[in-house]
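So this first bit is one chain, no partners, the form predicted alone, shown in structure tokens.
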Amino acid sequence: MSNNIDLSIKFCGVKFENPFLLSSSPVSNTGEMVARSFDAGWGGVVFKTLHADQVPIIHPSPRMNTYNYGSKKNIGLQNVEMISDRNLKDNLLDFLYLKKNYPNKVLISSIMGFSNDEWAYLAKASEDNGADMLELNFSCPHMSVEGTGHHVGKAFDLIEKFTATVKKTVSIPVIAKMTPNVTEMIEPALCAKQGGADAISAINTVSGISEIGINDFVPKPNISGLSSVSGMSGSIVKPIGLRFISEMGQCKELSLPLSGIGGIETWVDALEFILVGASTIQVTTSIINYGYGIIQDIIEGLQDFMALKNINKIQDLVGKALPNIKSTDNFDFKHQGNTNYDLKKCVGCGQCYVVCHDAAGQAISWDKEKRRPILDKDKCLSCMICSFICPVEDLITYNKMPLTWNRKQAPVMGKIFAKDLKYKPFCNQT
């Protein structure tokens, strides 16, 4: 069914047999590990971030904690994982091994300098030992030394400076990896472009605290009685990753290839990042959960989808969703809607009634004898909250209809102008 589907893609002029890469993380720590991932079908790797042995890297222990919520397991991963603790020589020997034995796989060296000269040194050493591309780690959320990791990602002048330093040193393409721990990503990405970056990758882990031990009052992971704000990854951060990639994908001033990262576990997740502009996809947390073998499910699912849609090349899907992402003032306000209830499927749990009264339009009354909802369509706000909490799939559906100015539908309808208000607005309003 999918034999004619072409998943190969060019990214910064480098051909990838498929767009799926290990991201710079514990899953890309050694040549032996990466070799096994290549055998499994991954198209490339961003090797775990190198340093120049000037500062010893010691990982805290334990350094990870899985985030569960109720019965939902492993929806996130909290970690205080540092950059590579292996010496530079051993990592570069792994580069030589991988390029000799897997010449068609793409090797991207992730680097982090502790000075301007160190950025240049690591870039040149990586290129000389076979790296096809570089990824500049401007985003590790755990680095405590000023001028490293996310400290660079939040100091935009340093992004430009270190990117320019690396670009002057090497001839291979350079990717700048952005931190999500900023309010918006366009400005730092443009600084990377100004410094000469050929592409942008995003996102790194999101700074946070996933949970706190209620017996010892220590956030997890508990490292001898202490913890820290640290990096959250996994499916829980996917919406944030999609947001940043889509915004950069729409920015005409940026106009650089994008590598998408953040909560990618299934072929659908991967496709969503591609649709908002990512040409390559990087994965870590789902590999931690399931192993390198998940790549076969991702590839097969994506190929089957493309075959059903009569799409032969993955490149044709890059950015396809971007024209459909607009600011809210572009919405259709001429239509509203209400909900339809298929009461034959109803199990009588009453959750729709509760949520409508406590969080929506109070549009539902309850038949106690039949244990069934009764909807007042004039009061329905079409928020669809009831459909989200209903335990029966497709019992509650959306019904689009022309807008009618019914006073029961909402307490205030239409525009309110500043001149009509009795108080002085704090900003200019139209």
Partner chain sequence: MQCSKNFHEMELGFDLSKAVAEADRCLLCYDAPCSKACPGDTDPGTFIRKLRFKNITGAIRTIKKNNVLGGTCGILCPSENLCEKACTAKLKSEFNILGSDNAIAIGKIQRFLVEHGWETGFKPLKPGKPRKEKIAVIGSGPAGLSCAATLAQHGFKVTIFEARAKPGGVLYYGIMPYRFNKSFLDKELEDIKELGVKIKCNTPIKEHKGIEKLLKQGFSSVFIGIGLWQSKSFHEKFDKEISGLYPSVDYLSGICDQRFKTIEQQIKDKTVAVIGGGAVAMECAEASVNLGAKDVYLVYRRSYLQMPAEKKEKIRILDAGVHFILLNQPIDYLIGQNKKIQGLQLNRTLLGKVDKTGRQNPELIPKAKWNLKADIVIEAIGNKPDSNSYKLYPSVKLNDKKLIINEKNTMTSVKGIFAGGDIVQGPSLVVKAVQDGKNAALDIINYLS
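Numbering follows the first chain given and starts at 1. For clarity, every value in this text was computed on a predicted model and none was experimentally measured.
As for the form predicted together with its partner chain, it is not shown, yet the points below apply to it.
Peer 1: Just one of Val218, Val354, Leu308, Val268 has a heavy atom within 4.5 Å of its partner chain in the predicted bound form. Which one?
Peer 2: For this set of options, the contacting one is Val354.
Peer 1: Only one of Gly348, Pro239, Gly293, Gly213 gets a heavy atom within 4.5 Å of its partner chain in the predicted bound form. Which one?
Peer 2: Of Gly348, Pro239, Gly293, Gly213, the residue with a heavy atom within 4.5 Å of its partner chain in the predicted bound form is Gly348.
Peer 1: Give a yes or no on whether each residue among Gly13, Phe20 and Lys326 has a heavy atom within 4.5 Å of its partner chain in the predicted bound form.
Peer 2: Not a single listed residue reaches its partner chain in the predicted bound form, so no.
Peer 1: Select, from the options 168-176, 187-195, 85-93, 68-76, the stretch whose residues sit within 4.5 angstroms of its partner chain in the predicted bound form by heavy atom distance.
Peer 2: That would be 68-76.
Peer 1: Using the partner position in the predicted bound form, report whether Arg371 sits within 4.5 Å of its partner chain, counting heavy atoms only.
Peer 2: Contact check for Arg371: yes, within 4.5 Å of its partner chain in the predicted bound form.
Peer 1: Report whether the minimum heavy atom distance between Val392 and its partner chain in the predicted bound form is within 4.5 Å.
Peer 2: Flag for Val392 set to yes.
Peer 1: Consider Lys344 of the chain shown here, and say whether it contacts its partner chain in the predicted bound form, taking contact as heavy atoms within 4.5 Å.
Peer 2: Lys344 belongs to the contact set for its partner chain.
Peer 1: What residues in 298-334 sit within 4.5 Å of its partner chain in the predicted bound form, counting heavy atoms only?
Peer 2: Residues within 4.5 Å: none in this stretch.
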